[in-house]
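Shown below, as structure tokens, is a lone chain in the form predicted alone; questions about how it binds or moves come after it.
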């Protein structure tokens, strides 16, 4: 394995960081700073024009045709340059759980209908899988899809849907045959204006204020027959593929955030003086910063290892994705907590922005499957259960 960026990867990494620093600074007139104005649609469109929303998508469908390691490098760069974790999360969630599944499993007509808009930012995608009683046990979902003539009719609810209140197209999962369990799950593309579909409510949350979360309702929601993605009863492989992409790559941007966070902590440890010397001279402070650096480096290795394995078609990519998600999320939370402690009172108050990283980091141990689920996946790969 080559541990250095290729020329293309370095270009996208550096260009994304510079783009984010200059173009993703939200103006006060548009709800700035980073997480106080809700979803920044203009920022999303800027990311699309730059190429982030369709970076690994084929050029013929409106994307940039880049490979997974290059996409990960760009996402790390944008995380380094942009403080709006919610905006970046919306981009990642749409890319890994809606755009790529359409590219991999959609019909040519579905690709032509949705991929150009998802790539150019005119469409925002959202993944509709979780239910109130089907989170970690995702295939316990009760949302039902029935074939009636030339239509599908969906009934049920989905909750904790990232970008739910503002999305234009949803990749949703429902059971078409409850008696078949996991083999009865099917995937559907649902437009925001589909008859019988509605947004029930927006759900306030701890962090990532830049992207809303919501609850969806299907009340005799009528979809055309061609809304089905893949074959009937084959929704589980589509969902599993999207979750693997998300687990392995969605926290690439967090690597950039952790790098920016570490640099800020190093500067503070060097410049902040107490008892007549920089606080970095105190071993308890320097050890904390060293641990932050160590977590960042090990996290980077695991994310890029996943991207490398996946690009090679290696079957170990699935376990590598779970390991990367587990490592990065736990490290992100701990580094954010250490940053707050290092800054003291200045880290606890809103005006410095240090506490925002901590709030944003907590969700990472939950989304894409809780870290307990990731441990179960890894244990299965080790043949422990």
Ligand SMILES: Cc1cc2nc3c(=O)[nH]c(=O)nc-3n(C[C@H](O)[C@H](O)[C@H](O)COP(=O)(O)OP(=O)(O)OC[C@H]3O[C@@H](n4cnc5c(N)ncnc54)[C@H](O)[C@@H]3O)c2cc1C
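Numbering follows the first chain given and starts at 1. Quick caveat, the model's predicted, so the values are computed rather than measured.
In what follows, reference is made to the form predicted in complex with the named molecule, a form of this protein that is not presented.
Quick check: do 72, 78 and 122 each get a heavy atom within 4.5 Å of the named molecule in the predicted complex?
No residue of the spot touches the named molecule in the predicted complex.
Choose from 180 to 188, 143 to 151, 103 to 111, 161 to 169 the stretch whose residues reach within 4.5 Å of the named molecule in the predicted complex, heavy atoms counted.
Selected stretch: 161 to 169.
Using a 4.5 Å heavy atom cut-off, state whether residue 213 contacts the named molecule in the predicted complex.
Taking the distances in the predicted complex, the answer for residue 213 is yes, it comes within 4.5 Å of the named molecule.
Does any heavy atom of residue 128 come within 4.5 Å of a heavy atom of the named molecule in the predicted complex?
Because a heavy atom of residue 128 falls inside 4.5 Å of the named molecule in the predicted complex, the answer is yes.
Is residue 19 part of the interface with the named molecule in the predicted complex - any heavy atom within 4.5 Å?
No, residue 19 is distant from the partner.
Does residue 377 make contact with the named molecule in the predicted complex, using a 4.5 Å heavy atom cut-off?
No.
Give me the residue from 221, 249, 208, 90 that has a heavy atom within 4.5 Å of the named molecule in the predicted complex.
Exactly one listed residue reaches within 4.5 Å, namely 208.
Of the options 136, 271, 284, 277, which one has a non-hydrogen atom that comes within 4.5 Å of the named molecule in the predicted complex?
For this set of options, the contacting one is 136.
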